[in-house]
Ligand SMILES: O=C(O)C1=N[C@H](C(=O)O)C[C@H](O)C1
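Take a look at this single chain, the form predicted on its own, given in structure tokens.
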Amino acid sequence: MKYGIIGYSGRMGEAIEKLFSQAGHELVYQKDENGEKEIEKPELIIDFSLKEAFPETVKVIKEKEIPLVIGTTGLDEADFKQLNQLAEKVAVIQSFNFSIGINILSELVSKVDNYIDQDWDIEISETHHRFKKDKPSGTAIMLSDLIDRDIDMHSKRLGSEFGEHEVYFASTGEVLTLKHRAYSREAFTKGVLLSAEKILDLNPGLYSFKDILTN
């Protein structure tokens, strides 16, 4: 598979290239704040850049008309409107978190929410490395969207923490805590690799990582 990375020089970009190289895939296109380099046309694009670079990602996909795997956080309603427009012509897989464990956590959060009533308190806490710019994280927002009420979220930016998310459910008599912690970026890059290897067989449309895991 010949692929391209937008956000190539970032931490995730470097981790993705390492894993993809081990799997025998070839990086032929790269784009970041330092410029653009293309050896030949890629079969798909992977974007783990910043929200500010999203317009450039849209431009690249429109020009090349190839599939997109995107994990950029901080995307808003207007950005998703553009993703849906791209998805009319190419396959797009979007997720704020490509960890299999986080997607299992999401299923558990939804299941717990079905059991409890409004008398229960629910809060979310997330911790990431000091260089992560968005607060709260896209994953915390994704988890909160699974619950049909406003949720207080607490964000910490500490050292080199890869990512920890905790969801608390509490009544006056008990507390239930669901927690996920990533110990390396491999927790995310394996999901990106799985998505990239499947996307070439998908019809145009906007897909979630959950769609990839369950099909």
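As the structure is a prediction and not an experimental result, all values here were calculated from the model. Residue positions are given as counts along the sequence shown, with the first one as 1.
Absent from the display: the form predicted together with the ligand. The rest refers to it.
| query | Which of these stretches, 158-166, 38-46, 61-69, 145-153, has heavy atoms within 4.5 Å of the ligand in the predicted complex? | reply | That would be 158-166.
| Heavy atom of each of 128, 132 and 188 within 4.5 Å of the ligand in the predicted complex | Looking in the predicted complex, the three residues 128, 132 and 188 all sit within 4.5 Å of the ligand (heavy atoms).
| field | in the predicted complex, residue 106 touching the ligand (heavy atom, 4.5 Å) | value | Judged by the heavy-atom cut-off of 4.5 Å, residue 106 is well away from the ligand in the predicted complex.
| field | Residue contact check: residue 101 to the ligand in the predicted complex, 4.5 Å heavy atom | value | Judged by the heavy-atom cut-off of 4.5 Å, residue 101 is well away from the ligand in the predicted complex.
| task | Would you please decide whether residue 73 lies within 4.5 angstroms of the ligand in the predicted complex, comparing each non-hydrogen atom pair? | result | Because a heavy atom of residue 73 falls inside 4.5 Å of the ligand in the predicted complex, the answer is yes.
| query | Are there residues in 137-154 with a heavy atom within 4.5 Å of the ligand in the predicted complex, and which are they, in order? | reply | Sequence-ordered list: 137, 138, 139.
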